[in-house]
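Listed next as structure tokens is one chain, alone, in the form predicted on its own.
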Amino acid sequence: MADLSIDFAGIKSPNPFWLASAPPTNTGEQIMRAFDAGWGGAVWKTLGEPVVDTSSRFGAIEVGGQRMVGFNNIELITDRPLEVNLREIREAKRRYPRHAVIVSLMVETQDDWRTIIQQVEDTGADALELNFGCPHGMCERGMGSAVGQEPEVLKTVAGWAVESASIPVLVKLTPNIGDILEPGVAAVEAGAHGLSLINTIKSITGVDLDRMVPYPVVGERSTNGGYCGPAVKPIALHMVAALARDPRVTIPISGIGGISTWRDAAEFIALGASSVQVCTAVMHRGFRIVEDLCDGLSHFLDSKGMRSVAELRGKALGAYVEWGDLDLSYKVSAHVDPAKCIGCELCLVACRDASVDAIHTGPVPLAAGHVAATRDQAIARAAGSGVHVTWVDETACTGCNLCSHLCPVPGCITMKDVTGGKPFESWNDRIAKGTHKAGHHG
């Protein structure tokens, strides 16, 4: 059985699954129950000057009957006294010495950072996470994403923390920025021991059209909040991978953003994350999901002959390149399995209205390249026997694979390789050879 334990910048954890700094890590009682359930670590909800939160504070998006595909919050940092949090951190670490206890922090001045870091270190916590990502409420006060969006400011403030701390310092980055490399590299230059990302995305999830107030409604007003949940996973994967493949980023990364299943976690790790943090999925289904996360990842590693999480880390990074380095000779074409086709014609409409009109129904021309159903089915359809035939004109298909994504029947539309042995050629290759201009594609 694969070893799920990790060492993240000297932070030991029995598995890579950590709770993100959020409502599920608001109290020691919650975190200790999470450890009992099997979580390897937890990042304590951000400490600082306690705040007063609003009511209500959450909003969500439902897609196709699936609840909380996207989740929004306007909640801020801890609303509990610092001394209470410190006492509970000490107790949690005393009772669970093998689990990772990381404490998220957000304060203003250098003296504030020095003081609170010393107080947290005295609890026996394993590490600190600097919250430079909160996109609402705190940023208006010059903290959170207001720091994360200014690389030089981030570098200065992170430097204060690193100078004051004797335990690892992680920097949590905001996605509300043009280039994630800028704050990420600044954190490395400041001496940070690890990165966490992404924090939530600045957002409004919708509008109550009866009251004409955005969600979540607070009396007769609302504000922008932080967007998270499964819908943000693609953004998070890109930003994690962008940092992980940059040679200037020499510290480990904790991946955050829409992780709900072991497959999500495996994808983050394959793109360079050393640990993963989960929040929305726990708010949706509770702490017990960690059992499936651990079992699924363990079985996956076993199936690939990998003995540890470390062997998976970064496995997919080599295949992540810039557009100009992709193989322009590679070609796929859609193939419809007539035995599975239900005749909904979603693919036909999408291809006709949004692509190249390469999908058709009815008798299948027997000319070369027009293949997707058997000759017998084509004859039966032409004879009016009612057999539905959907077929693809392979000569017109560009391989965009839109049809395969919207087909409601699993395995009905697949993409087959029709490259035909053509040699690799990228756009950058064409530029180097001078064949990239119109009429010179050779």
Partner chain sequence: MSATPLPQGRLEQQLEDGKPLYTEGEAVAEAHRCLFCHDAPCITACPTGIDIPRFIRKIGTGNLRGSAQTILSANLLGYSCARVCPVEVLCAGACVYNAWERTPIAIGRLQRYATETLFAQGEAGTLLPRAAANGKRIACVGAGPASLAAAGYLALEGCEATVFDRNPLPGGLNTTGVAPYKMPAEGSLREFEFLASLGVRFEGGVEVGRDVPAAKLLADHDAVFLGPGLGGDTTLAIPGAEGAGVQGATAWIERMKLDPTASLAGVTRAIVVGGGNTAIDAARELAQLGVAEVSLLYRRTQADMSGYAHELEAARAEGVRFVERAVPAAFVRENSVLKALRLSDGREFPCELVVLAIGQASLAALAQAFPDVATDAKGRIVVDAETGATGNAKVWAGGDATGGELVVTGVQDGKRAARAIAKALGIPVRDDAPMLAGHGTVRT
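If you're wondering where the values come from, they're calculated on a predicted model, not measured in any experiment. Numbering follows the first chain given and starts at 1.
This next part talks about the form predicted in complex with its partner chain, which is not shown.
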Any chance 56, 70 and 221 all have a heavy atom within 4.5 Å of its partner chain in the predicted complex?
-> no
Mind telling me which stretch in 150 to 158, 311 to 319, 260 to 268, 240 to 248 gets its heavy atoms within 4.5 Å of its partner chain in the predicted complex?
-> 260 to 268
Answer key, its partner chain contact in the predicted complex at 4.5 Å (heavy atoms) among 97, 206, 362, 296: the residue is 296
Would you mind picking the one in 289, 177, 162, 116 that has a heavy atom within 4.5 Å of its partner chain in the predicted complex?
-> 289
Might residue 285 be said to contact its partner chain in the predicted complex, defining contact as any heavy atom within 4.5 Å?
-> yes
Quick one: name the residues from 95 to 113 with any non-hydrogen atom within 4.5 angstroms of its partner chain in the predicted complex.
-> none
